[in-house]
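Only one chain comes next, encoded as structure tokens, the form predicted on its own.
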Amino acid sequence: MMLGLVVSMVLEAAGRWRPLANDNLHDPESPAIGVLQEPAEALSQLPPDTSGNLVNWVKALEEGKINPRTNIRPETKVRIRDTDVLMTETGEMPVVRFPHKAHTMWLDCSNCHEQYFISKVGANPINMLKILEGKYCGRCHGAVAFPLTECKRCHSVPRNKIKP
């Protein structure tokens, strides 16, 4: 669909998508302005979200509203993994639930493993400072995925719900 455009899209303070000619990214004098689809036209057709670019991309994928390419190389086999990883070292915050399915519907495992995440329990010293610096989850969240200000989306499991 319009994923390249979404990365560069800017929202107005009122929560609507800015027209391309007024988004401070595109040259309003460029003839391409008349050819490109406006974000409001494209994105308003997708499931809404409350933050970021106001599109729930996982829901859009699950509902078949978008059909992104899952791999670049034809020989790459898509492996959707439907397991969650619980990260309990979160101080007083609720436990982080990392849903593999939502990520592997978009990405091949090799996009993240072993370059950004080592596939071994305890091998990734993840913390919020590193994420805010653009490491680990911060490679995408805050850039092309929902913003880091949505704490409860990751810190979603109450400590009293975790079995020892």
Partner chain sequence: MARFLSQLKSMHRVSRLLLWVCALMTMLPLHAEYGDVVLNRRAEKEGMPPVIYPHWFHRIRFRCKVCHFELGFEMRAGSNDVTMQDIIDGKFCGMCHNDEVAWGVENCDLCHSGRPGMKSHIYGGHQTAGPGIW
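Numbering follows the first chain given and starts at 1. Quick caveat, the model's predicted, so the values are computed rather than measured. By rigid core we mean the largest C-alpha set that fits within 1.5 Å across both forms.
Quick note: we don't show the form predicted in complex with its partner chain, though the next part is all about it.
Heavy atoms of Glu133 reach within 4.5 Å of its partner chain in the predicted complex, making it an interface residue. Taking the partner from the other structure, its partner chain in the predicted complex has no heavy atom within 4.5 Å of any heavy atom of His100. Remark: Glu63 does not count among the residues lining its partner chain in the predicted complex, judged by a heavy atom distance of 4.5 Å or less.
Under a 4.5 angstroms non-hydrogen atom cutoff, its partner chain in the predicted complex has Ser110 among its neighbouring residues.
Counting a residue when any of its non-hydrogen atoms is within 4.5 Å of its partner chain in the predicted complex, the hits in 73-95 run Arg73, Thr76, Lys77, Val78, Arg79, Ile80. After superposing the rigid core, the Cα of Thr76 is displaced by 2 Å or more between this form and the one not shown.
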